[in-house]
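In the structure tokens that follow, the same protein chain appears in two forms, which are kept apart as structure 1 and structure 2.
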Structure 1
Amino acid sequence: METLPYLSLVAAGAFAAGIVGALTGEGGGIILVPMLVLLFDVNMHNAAGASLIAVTATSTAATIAFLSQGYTNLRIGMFLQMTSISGGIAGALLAALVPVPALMAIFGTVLLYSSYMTFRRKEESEPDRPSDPLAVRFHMESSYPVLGGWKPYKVFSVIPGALLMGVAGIISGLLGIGAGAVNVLVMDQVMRLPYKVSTTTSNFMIGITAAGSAGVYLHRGYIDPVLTMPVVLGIFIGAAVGARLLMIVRAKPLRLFFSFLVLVAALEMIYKGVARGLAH
């Protein structure tokens, strides 16, 4: 395929990934990496490198909108970021040591689990107990906009959430997904935050985590400027559109939509990873 049509298709795919990334808190990497590898035959390391740069752009575009709308919880995001960015740098350092077929299989497994956990939690829950004492001490409790006003929410399991964010950071650096796949799961399933708060806070965090990992990828030559330029352009515009759509999309359809997309990507990545492994 000629360069211009090829890059135009990459930008269009990145635009779609940006919309999904902003809506689901994944930053787009969870869709972008499989798309580049499976549809555009990009090397896994180059796809992850382009994704990390793009996720930083997504985070910037989406966070500006989400902060003005009142969804993002900055106190939670900054606290969890301490372990997430450390894990991101560690994961990026490990990336060169793990074979590509294994990376694809790991990525697919992460996506599969993410799809299952997102589908399983049907409704927003309101546990009938006080917030984690640490959340109270650091004033992490807040409220978010709903139809007719603002709804307060509690925060639970702060320390387990922070430790799991370290794991999320490792996955981010290793696979180039900006940690969004695990960020949302941890805040949604462990800390019991409302889904839209989880996705918007994740969007704020992933840019910082991805930036730390991207430096390592750049040093190792995994970031191709020709590929990265249309990816960043497409995903940045898509994220800005997705951030505005979040205001009118209900949480339940959003969960189902995200779960389906991730399931398809997971099965494809696992299949390709195993096939490449057997071929070698």
Structure 2
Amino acid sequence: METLPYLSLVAAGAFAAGIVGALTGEGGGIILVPMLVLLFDVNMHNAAGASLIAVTATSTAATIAFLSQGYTNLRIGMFLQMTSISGGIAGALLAALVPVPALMAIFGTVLLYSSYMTFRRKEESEPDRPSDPLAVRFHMESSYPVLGGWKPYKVFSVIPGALLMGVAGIISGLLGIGAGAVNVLVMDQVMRLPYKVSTTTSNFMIGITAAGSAGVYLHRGYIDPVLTMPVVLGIFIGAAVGARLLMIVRAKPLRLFFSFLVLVAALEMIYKGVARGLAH
């Protein structure tokens, strides 16, 4: 296909991914990479490179929108950022060593897992024990806005959380996604932060981790400017539109639809990865 019509279609796809990403709070990368690989026939490295840059854009936009609202916990975010960005750099360096069919299969597995988590998200009450002493010492406990005031919350398992964030960073750098779903899972289920604090803090972090990975991708020649241009512009406008739609659209059916979409992408990625692995 000629450059102009092809890139226009990519921009339209990224726009859609931006809307869905903003509405579900999962960020765009998890839909963007499979879309580029499966629908637009883009190789894994260029798709991951474009997605990393897109993640920095959406994460920055989310930070602009949420920072003054009081949900984002900057202390926890910056503390976890140490392991997250280390993982992000390591994962990006690993991307050149892992064979592409294996990359696709790993991606499919992460997608399967994300689909499952989106589907069955459950709310749990805060444990009765006191916060992790480390969290107390570093003043990580805080409060977040609820209807009619501020609700204080506790923080648990700081070190396990930080180590798992390193793993999330590796996944993010390896596959070129924000790995927001894994971040949220760690903060929500392991560190037991309130869900809104987890998602906004994750949104703050993923762009910084992605920027670390993007440095490696740039030096390796994975970031194609012509392909990345419509991806970044499309997802940025899509995310802005999606954030406005958030008040109108009902969340539950949307989450189910998203979960289904990711499941289909997961199975196809695994299938393609295995097929390509066997062909070699």
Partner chain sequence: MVTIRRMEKLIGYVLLAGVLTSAAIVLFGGALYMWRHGSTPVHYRIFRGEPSDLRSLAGIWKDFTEGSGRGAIQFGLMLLVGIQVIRVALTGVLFLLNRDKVFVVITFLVLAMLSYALFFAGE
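Keep in mind that what you see is a predicted model, and the values were worked out from it rather than measured. Quick note, the numbers are simply positions in structure 1, starting from 1. Throughout, rigid core stands for the largest set of C-alpha atoms superposing within 1.5 Å between the two forms.
It is structure 2 that shows the chain in the form predicted together with its partner chain. Ile223 shows a C-alpha shift below 2 Å between structure 1 and structure 2 [criterion: core-superposed Cα displacement of 2 Å]. Annotation for Val241: C-alpha shift of 2 angstroms or more between structure 1 and structure 2, rigid core superposed.
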